[in-house]
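In structure tokens, one chain follows: the form predicted on its own.
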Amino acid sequence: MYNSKIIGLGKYVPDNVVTNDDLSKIMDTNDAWITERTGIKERRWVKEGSGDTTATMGVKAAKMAIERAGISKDDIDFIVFATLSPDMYFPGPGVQVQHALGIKTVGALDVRNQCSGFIYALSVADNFIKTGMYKNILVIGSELHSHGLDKTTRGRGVSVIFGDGAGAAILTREENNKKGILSTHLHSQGEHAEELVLKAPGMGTRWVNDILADNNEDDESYFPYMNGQFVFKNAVVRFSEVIMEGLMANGLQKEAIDMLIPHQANLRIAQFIQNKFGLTNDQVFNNIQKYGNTTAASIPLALTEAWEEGKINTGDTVVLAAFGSGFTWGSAIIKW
């Protein structure tokens, strides 16, 4: 059995910066209201005509990760792509990346686990490498939320939170089982599926034909819905549980954490977890202030920036944790 380790990280965000003040011009909100509730000051939204899509942003992040890993695209054996916002209903963006990068006909898997998508994708890649099936795997988290948000006062509770962007990682074999990804831990609780949901189009609710036939501008089923307080209360509990689960599985105490990178859902959630675990500002990395919640892209974006800024070093114990729609949640414990 091998371990897997991350040898290359990459990111991409659109050039278009949308501040809280910008949003106040198109809906009834303001900088103070958004900052107090979420910690977000700005986010990136893809501009119409820019050419950026979920897949193309993933490709740009992947190219950076491949270069930093010091490998060739031809060394990649498998692709795992996490997103809730694919370019097409099907096929998924994994195959688009394979084609765009000119990679040989390797397998491409799409993961639909929303905010915890990158943790799930990382776990899949990690276990493929652990079994010896593959050597080098490209893992991507990418999202284009902005084209599907309700940018009116009605939708402000959700639309002010989300941003666009992508992050990528290259995983490879590590023969020392005390290094690399030590363990991953995944959970779900489907009874709360409709507390954070996008219902349409969907075969079991409203399909495209229904929406077109009704032509009803007041139909909210094709915009995201979130029960914010309920999600927050569950998130802080599940974050804590799954981080402790990962630490205990590896015989570690919370004092062993050198860097915690939580999914960038809400700065208040991250601060709650930081205080609960007694971590300093130097032990937790947040960039939601400038990118908003980029769902499956948030952890690889934050991980890449933390590494770029020298906040993650060889030998560090790095903890990744996420919670989101489904509900699904997970963690990864890494010895860098």
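Numbers follow the displayed sequence, beginning with 1. All figures in this text were calculated on a predicted structure; none of them were measured in a lab.
What comes next is about the form predicted together with oxa(dethia)-CoA, which does not appear here.
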Q | Residue among A265, I257, I181, V97 with a heavy atom within 4.5 Å of oxa(dethia)-CoA in the model of the complex | A | A265
Q) Which of V160, V124, A108, I76 has a heavy atom within 4.5 Å of oxa(dethia)-CoA in the model of the complex? A) V160
Q: Mark C115 yes when one of its heavy atoms lies within 4.5 Å of a heavy atom of oxa(dethia)-CoA in the model of the complex, and no otherwise.
A: yes
**Q.** Contact of I269 with oxa(dethia)-CoA in the model of the complex (heavy atom, 4.5 Å)
**A.** yes
Q: Using the partner position in the model of the complex, report whether L252 sits within 4.5 Å of oxa(dethia)-CoA, counting heavy atoms only.
A: no
(Q) I'd like to know if L101 sits close to oxa(dethia)-CoA in the model of the complex, meaning any non-hydrogen atom pair within 4.5 angstroms. (A) no
(Q) Looking at 184-192, 230-238, 88-96, 134-142, which stretch has residues with any non-hydrogen atom within 4.5 Å of oxa(dethia)-CoA in the model of the complex? (A) 230-238
(Q) Counting heavy atoms only and using a 4.5 Å cut-off, do W33, R156 and F323 all touch oxa(dethia)-CoA in the model of the complex? (A) yes
